[in-house]
Ligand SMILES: C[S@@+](CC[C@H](N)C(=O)[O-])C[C@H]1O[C@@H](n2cnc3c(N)ncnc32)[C@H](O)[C@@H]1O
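Take a look at this one chain, the form predicted alone, written out in structure tokens.
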Amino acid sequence: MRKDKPSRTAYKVALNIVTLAAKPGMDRLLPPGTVQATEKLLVASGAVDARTVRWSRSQRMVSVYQAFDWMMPGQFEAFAYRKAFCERQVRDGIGAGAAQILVLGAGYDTLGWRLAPEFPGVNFFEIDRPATACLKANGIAAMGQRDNLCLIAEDLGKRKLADVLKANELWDESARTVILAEGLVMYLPPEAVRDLFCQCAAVSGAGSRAAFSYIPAGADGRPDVGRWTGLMLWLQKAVGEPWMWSIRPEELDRFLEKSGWTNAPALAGTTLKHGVEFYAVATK
């Protein structure tokens, strides 16, 4: 991943969300306010201009996404399902007593900004690489900062998550927490993924949950997204954001247990697959 520039993936996901608003039926799936907040954030941060947003929210762009859906069938709509899954885990977690939310690799996600006023007693934290996080912070400042939303610009490849959070006086290691890793782990080396889950377990209290999406592994151990896997792996590498980690769903239990978590397939939304990704939740 190119560390000195804002994430191309975060940019593409955000514009995908905007385009989904023009597809019939998606407004009933995307969490309320997601599209509008994403549009405002993209423009306010300077990531894109208003003209690009208008173009993205058009039937022509819907047709463009659908025309390329053959590469990863269902992935265009999958981003709406993923956003809905993550927000449900946060809301359910708060309902179960979570006092803090941590979004890893937050990109241009607006969940924290949208939900912070609704849950003033919950602290929301976001972490992303400085090139992306600083750009987003400019947008959040223009839209209106939330008192209980903390944006952290850190490269977790250079500094451990546990050290980053311990340096923040608002973080409570004993608190029940919801951790989101949406569309993140496939971009990390295998050893980094295991270490990340171990650190998440170490900095969160009993009853916490970690919700994440992942790409399944094929017979060769590489991420498997179907017939065009080779092409997609090449394209991701070419843009500087390669997929490096994947896992077979049947191996997830053991992986999580070794990292201090327990797979929780009974929780709503888990074990589902939309597009090329599975969704999962782990609990402590």
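As the structure is a prediction and not an experimental result, all values here were calculated from the model. From 1 onward, residues are counted along the sequence shown.
Another form exists, predicted in complex with the named molecule; not displayed. Remarks below refer to it.
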Practice problem: Could you tell me which one of Ala201, Ala137, Ala116, Leu188 places a heavy atom within 4.5 Å of the named molecule in the predicted bound form? | Solution: Leu188
Quiz prompt | Option touching the named molecule, based on a heavy atom within 4.5 Å in the predicted bound form, out of Glu154, Asp92, Asp195, Glu77 | solution = Glu154
Quiz item: Okay, which stretch from 78 to 86, 139 to 147, 116 to 124, 170 to 178 lines the named molecule in the predicted bound form, with non-hydrogen atoms inside 4.5 Å?
Solution: 78 to 86
Quiz item: Thinking of Pro216, Pro249 and Asn263 as the candidate spot, does the named molecule come within 4.5 Å of a heavy atom on all of them in the predicted bound form?
Solution: no
Quiz prompt | Contact flag, Thr132 vs the named molecule in the predicted bound form, heavy atom cut 4.5 Å | solution = yes
Exercise. Report whether the minimum heavy atom distance between Val18 and the named molecule in the predicted bound form is within 4.5 Å.
Key: no
Practice problem: Examine Gly112 and determine whether its closest non-hydrogen atom to the named molecule in the predicted bound form is within 4.5 angstroms. | Solution: no
Practice problem: With heavy atoms only and a cut-off of 4.5 Å, decide whether Val13 touches the named molecule in the predicted bound form. | Solution: yes
Quiz item: Across 159 to 191, which residues bring a heavy atom to within 4.5 Å of the named molecule in the predicted bound form?
Solution: Glu182, Gly183, Leu184, Tyr187, Leu188
